[in-house]
Every structure is written in structure tokens, then in C-alpha cells.
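There is one chain below, alone, in C-alpha cells, taken in the form predicted alone.
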Amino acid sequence: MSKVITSKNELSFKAEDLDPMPVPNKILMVKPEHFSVDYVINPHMEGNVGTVDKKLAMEQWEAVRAAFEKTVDEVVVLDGVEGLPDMVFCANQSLPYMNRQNGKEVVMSIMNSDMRKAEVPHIEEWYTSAGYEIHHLNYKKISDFEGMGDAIWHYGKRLLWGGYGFRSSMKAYEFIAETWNVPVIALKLENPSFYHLDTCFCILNEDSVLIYPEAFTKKGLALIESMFTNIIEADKHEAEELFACNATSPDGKNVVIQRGCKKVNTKLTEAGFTVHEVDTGEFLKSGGSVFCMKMMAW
């Protein structure tokens, strides 16, 4: 099944009908020694150029790393690169995949901003060393694709959710669907404050998702409602100011989330999840939080 789905009437399956895929047991992170806000490429960066406290940012990153170490088998840490301040947001440069023969593959990104394009080869070096088959998009046909910032695997299933409208091209999802023979549910993003899917859509487990509804079209919401039985909604303040939906649940039980998301955290706890609060305040200045700061891999 290799098609890109954009409306509910194109759905011919439920989550339980899909082929299983092993849940990633490894997290990749990039040290923030070169992290700063040097330019503005999203609304959250405005007014924050030159304001990052690097010592505090490192402390916050270490706390996020410690939280991840409680939920996965291994956290792999790469050094940052001078001149690439946003490389710490390592959800964006790639999309890894475990194929049906348990082989590891990855599609490398074409970053939307020229400021970030040089990050991709550095991340690719790790995938090569880890034995992944590397796929590159045809930049003559595909303008941009920002990896797991926009492309998020359904928990434990061979189904990809893909955001488009700001940073990723629909043509990238057509390539992925055909190359890996997986369905892609494409969700159009219209609010510039939620420019990546991972800013407004957090898959918690096979049945549960955390979303900010106002980031999606009616068609998008209908698709989400068709595939999840438990939908937790964040309000505007917690979604936009605290990046509540940029949380992550590596194991389907524990949720690592920005500190202060009181309403969402109450809902998560009531739904049976264990909440781990961290402070990513310095990274919020650049428009990223927990999910952006890691890549789930095998």
C-alpha cells in the first residue's frame, strides 16, 4: 500500500489493519555547544537573536538527555558544528525507517532554509557509520523536506503522517510512499506558528495523539479523528507559547514535555501516561523543544 492520503474518504484502513514496525529503541541527539539564535526563519525566533544563555542551554539539554535515557535503550550523542546553530534540532535532517527485512534505511532531508542545508551531511555521516541504506531526494523535483520535523511514524505501525505547507513538499511524501511501500497521511499546515507537524501533533501510542486543533484544516482533523480513539487537545497558550505538542513519548508510556503545560499534563496523567517535565526555555527562543531535540532511530 503506497499512496498519499489527503482526505478521509481515501482511507481504506484502521491503525490495527496496518503492518507492524518495530518501535525505535535509540535516540540521536546533537550537543548544543554552538546553539544560538543568529537569524529569523520562524515566528518564534523574532526578537530572540543573540539572547541565548549558552550555559543554561547546555544544562537544559543535559536534563532532556537524562529524561530520554530513562525511556530508551541508548542515547547517541553527536558533536555540534560551528556555524550551524540549529543542528541541535536533529529531528529535521532525516527520516529513518526499519524495513520489512529489519534493514535500516533513511531519507535525508532537503532543508527549506539555506541557513540549515549544511547540517544534513553531518547527520548523514552518522547514518552511514550505523549501517543505514541512504536515500537522497531529487532536489530538481522536490523543493524541500524537513525529516521527522514533518514526517512522523505512527506508533508501531508502517504508516507515516506527513505535514506540508511550510517546510516539506508533497512530492517528498510521494517518493517515500513509493520507495518504502507505506501509506502516508498528509496533513496541511496553515498557521505559520506551527510550521512543522511536530509543533502541533504528538503521537503518544497506537491509539493516542496530542494535538493543537487550530493548526489543521477540517480535512486534516477528520483524518486524525479517523485514526485515533484518544485525542488530547492543547489550548493556544500551551501549544504556542510552551510547545506542548512538541513533547515526545518514546515508549508509548512516558511523555517528556516542556515544563508548565499544566492542562495538557493533567489530561496525559488522566489518560495513564507518566509525565516527565523538562525546561527547554532557551530552545523555545529558536522555535524548538523536546521533540525537535532528538531523532528516534534503530
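Don't overthink the numbering: it's just position in the shown sequence, from 1. The model shown is predicted, which means the values in this text are computed figures rather than measured ones.
Just so you know, the form predicted together with a small molecule exists too; it's not on screen, but the next bit is about it.
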item	value
Listed residue that, although the small molecule is not shown, lies within 4.5 Å of it in the predicted bound form (heavy atoms), from Asn48, Asn42, Asn265, Asn254	Asn42
Contact check for Asp86, Phe89 and Thr199 against the small molecule in the predicted bound form, heavy atom at 4.5 Å	yes
Contact label in the predicted bound form: Arg116 to the small molecule, heavy atom within 4.5 Å	yes
Contact test in the predicted bound form: Tyr212 vs the small molecule, heavy atoms, 4.5 Å	no
Proximity of Gly149 to the small molecule in the predicted bound form, heavy atoms at 4.5 Å	yes
Contact of His154 with the small molecule in the predicted bound form (heavy atom, 4.5 Å)	no
Options 170-178, 89-97, 155-163, 136-144; stretch whose heavy atom lies within 4.5 Å of the small molecule in the predicted bound form	89-97
